[in-house]
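Just one chain follows, in the form predicted alone, and it is written as structure tokens.
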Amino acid sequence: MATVRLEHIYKKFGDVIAVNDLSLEIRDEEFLVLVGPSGCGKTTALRMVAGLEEQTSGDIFIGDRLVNDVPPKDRDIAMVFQNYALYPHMDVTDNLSFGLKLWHVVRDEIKRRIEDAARMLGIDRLLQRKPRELSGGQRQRVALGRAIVREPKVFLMDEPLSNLDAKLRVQTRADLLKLHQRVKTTTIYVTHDQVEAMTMGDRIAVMRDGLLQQLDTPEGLYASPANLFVAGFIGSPPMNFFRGTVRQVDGQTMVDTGSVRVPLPPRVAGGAARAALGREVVYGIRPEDIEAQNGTGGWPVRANIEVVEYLGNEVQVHANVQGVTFVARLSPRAGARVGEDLPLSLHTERAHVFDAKTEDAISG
């Protein structure tokens, strides 16, 4: 096993900066997820660790070894791609063993590794089948098995679940986590899906336009987003945002949106609250922090319900308060009906406030 260290990595394609001063350390045995929208630089960063792209500047270490000039085959990594890249004319056994044969691994060792990987992945009954005889999920397991038999220091995974249907993606996600708990190999996993990132990563690196926005645990990202982008990207449905100005109203510091006034959360207190007076801010509150009034507290508002999305265990309602629209996750028993008014409570103590110009979080 090994740590992976990226120190001030830049990657330019002509005048375009794909990765901008990326410094990151992936701990030994850690499952780290690189997440962000298309074009944010996450796959380029992964390919540079693999040696498939050469960084414009900066250093990459695998363990204590500087690998800037080390070819991919000598970096002791194994990569799982978005497409399965299986040899169609070979059966599963030959697909798994092909790389090991090129490395001149002895026959008995190849047999042991294939049997161990096949048992671990539940494909031991598929070893004589060709890829065309396998389902999408089975092909993905074979691709994972091909990486596992290498017994590398680092796994690199580039959106390996994106070709699977929704149900199979959830199952394979759980299988991947179980696999990581068994083999304990340092893993860098790239995805654009924030649900995958939140459910899989020990830590998550959120990227945007080549820049690292925040590196934290899933809990840390969700509870304390560093800026407006992270707050809007992490969470489903995304956080609601209201633009307004911080004002003093009847002795209380409030965010005035022009049609709705809401109090600053406790995290913005003391000097931070005083410094925010008169500033334009973005007030953020998550859909699950809005509920139907039931006497449990919260900041009361009366909203007109515009859309109701029934999901079985909950309803997602699109509501409007004097021109301010937002989404709330409510119980199906809340009685939300399109066109009617519904009293709601905003748990403003869980809200977030961001500077409208810098988009950075404001906290005390």
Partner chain sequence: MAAITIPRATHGRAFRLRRLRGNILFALALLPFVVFALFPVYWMFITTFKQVNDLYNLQDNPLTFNLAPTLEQVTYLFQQTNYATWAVNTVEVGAVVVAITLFVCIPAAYVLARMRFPGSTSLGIGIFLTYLVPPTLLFLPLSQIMVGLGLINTKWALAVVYPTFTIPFCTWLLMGFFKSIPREITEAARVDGCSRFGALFRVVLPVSVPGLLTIVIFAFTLVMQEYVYGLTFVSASDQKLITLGVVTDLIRGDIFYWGSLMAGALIVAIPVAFVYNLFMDTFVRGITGGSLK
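Positions refer to the first chain, counted from 1. Whichever C-alpha set is largest while still superposing within 1.5 Å between the two forms counts as the rigid core. In this text, all values refer to a predicted model and were calculated from it rather than measured experimentally.
One more form of this protein exists, namely the form predicted together with its partner chain; it is left out here, but the text below deals with it.
Exactly one listed residue, out of L277, L102, V106, A166, brings a non-hydrogen atom to within 4.5 Å of its partner chain in the model of the complex: L102. Checked against its partner chain in the model of the complex, the residues L176, V246, L161, L86 give one hit for a heavy atom within 4.5 Å, which is L86. Heavy atoms of A78 reach within 4.5 Å of its partner chain in the model of the complex, making it an interface residue. Not displayed here, its partner chain is approached by R150 to within 4.5 Å at the level of heavy atoms in the model of the complex. Although the partner is absent from this view, L52 contacts its partner chain in the model of the complex, with a non-hydrogen atom inside 4.5 angstroms.
Although the partner is absent here, R141 lies well away from its partner chain in the model of the complex, with no heavy atom inside 4.5 Å. Checking 78-86, 112-120, 283-291, 264-272 against its partner chain in the model of the complex, the stretch whose residues place heavy atoms within 4.5 Å of it is 78-86. The rigid-core alignment places the CA of V105 2 Å or more apart between the shown form and the other one. In this overlay on the rigid core, V92 has a C-alpha that sits 2 Å or more away from its partner position between the shown form and the other one.
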